[in-house]
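Below sits a lone chain in structure tokens, taken as the form predicted on its own.
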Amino acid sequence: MKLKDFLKDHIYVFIISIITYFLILLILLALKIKAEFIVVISIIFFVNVILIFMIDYFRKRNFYNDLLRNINALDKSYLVLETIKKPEFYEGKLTTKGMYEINKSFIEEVNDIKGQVQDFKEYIEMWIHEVKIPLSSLSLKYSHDKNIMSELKRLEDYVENVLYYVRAENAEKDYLIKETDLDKVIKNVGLKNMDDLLLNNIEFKYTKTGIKILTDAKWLEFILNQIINNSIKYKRDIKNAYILIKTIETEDKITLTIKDNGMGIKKADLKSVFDKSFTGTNGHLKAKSTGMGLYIAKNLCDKLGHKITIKSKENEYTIVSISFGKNNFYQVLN
């Protein structure tokens, strides 16, 4: 709270005080009071007015400055009432009481919404598990038809995306970080996409390394599946289409790279590929895309403590890199 703002807010009190002073002055002059007494009375009057203003200002300044400072410092500003001292002046008490009631109402409303969202998430998860049953039946029934199987796989991928998106917010409750065989994870992803790879004449290149990393195998498979799906979806019509997976191990980390020679990504789109619902130029030209796959993958990598980056050159290549940190403490214990 600035002094000029405080004075501006109390301008009417100041004007009334001046008017009152002149009325008193006129009365004193009319009563023919000596000038010395008038000067003393004037000094007492103005000292009194100034003291009242200053005491009121400093009391309020400390409270409101603390309030604003703490609001700006807190991530959850609605908790500000827990960080400030109870004011001694009446306006401050009214302010804190009003804020408390608003805060209480806000928290109740948020908790109610959270409950509704949680109920909806639980329903979606239940629905996804139920819908997987007929999808599995259809896959068995039409296993001989590659086109139908390809469409069924797309549908399964979309359903899986919804499941992982619903769980991503509280992913830490659903994953277990442990030593994982990277070769096995990549093999599972390759087998899952084998039909689409064959149908699109894409060579899947990977050499076993025997490297083990600290991650959650289920979540990592989902992340890699999103990347492989994009490589298949945005392939170029060339004879030697491929997806090349390499693993590079250094002293402090292990980096997994997935490279394809597909359509690539425009330079202008690269900075936004991990944004929610971003489809980019390729998403409009080549295939219908939700723009959610890489967004979820990035979100999960962040929660797992992995770093994911993308480099690309249009009509030449795309390289997705995922870095896994090493944990020497974990290795010693095991």
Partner chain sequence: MAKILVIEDDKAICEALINLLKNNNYEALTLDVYNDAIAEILKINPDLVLLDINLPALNGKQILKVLREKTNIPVIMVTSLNNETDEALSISYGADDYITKPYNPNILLLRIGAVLKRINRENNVLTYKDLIVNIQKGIITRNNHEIVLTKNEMIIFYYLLVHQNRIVTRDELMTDLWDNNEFINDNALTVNISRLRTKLKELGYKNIIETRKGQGYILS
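On a predicted model such as this, the values are computed, not experimentally measured, just so you know. Numbering follows the first chain given and starts at 1.
From this point on, the text means the form predicted in complex with its partner chain, which you will not see here.
- Proximity to its partner chain in the model of the complex holds for none of R236, D269 and N315, with the criterion being a heavy atom within 4.5 Å.
- For M149, a non-hydrogen atom is located within 4.5 Å of its partner chain in the model of the complex, even though that partner is not displayed.
- Taking the partner from elsewhere, F204 is found to have a heavy atom lying within 4.5 Å of its partner chain in the model of the complex.
- Using a 4.5 angstroms threshold between heavy atoms, K259 stays clear of its partner chain in the model of the complex.
- Its partner chain is not drawn, but in the model of the complex it has no heavy atom within 4.5 Å of E249.
- Listed stretches are 81-89, 160-168, 249-257, 103-111; the contact stretch with its partner chain in the model of the complex is 160-168, by a heavy atom cutoff of 4.5 Å.
- In summary, among the residues L94, L198, V117, A73, the only one with a non-hydrogen atom within 4.5 Å of its partner chain in the model of the complex is L198.
- Residues of 206-221 lying near its partner chain in the model of the complex, listed in sequence order, are Y206, K208, D216, A217, K218, the criterion being any heavy atom within 4.5 Å.
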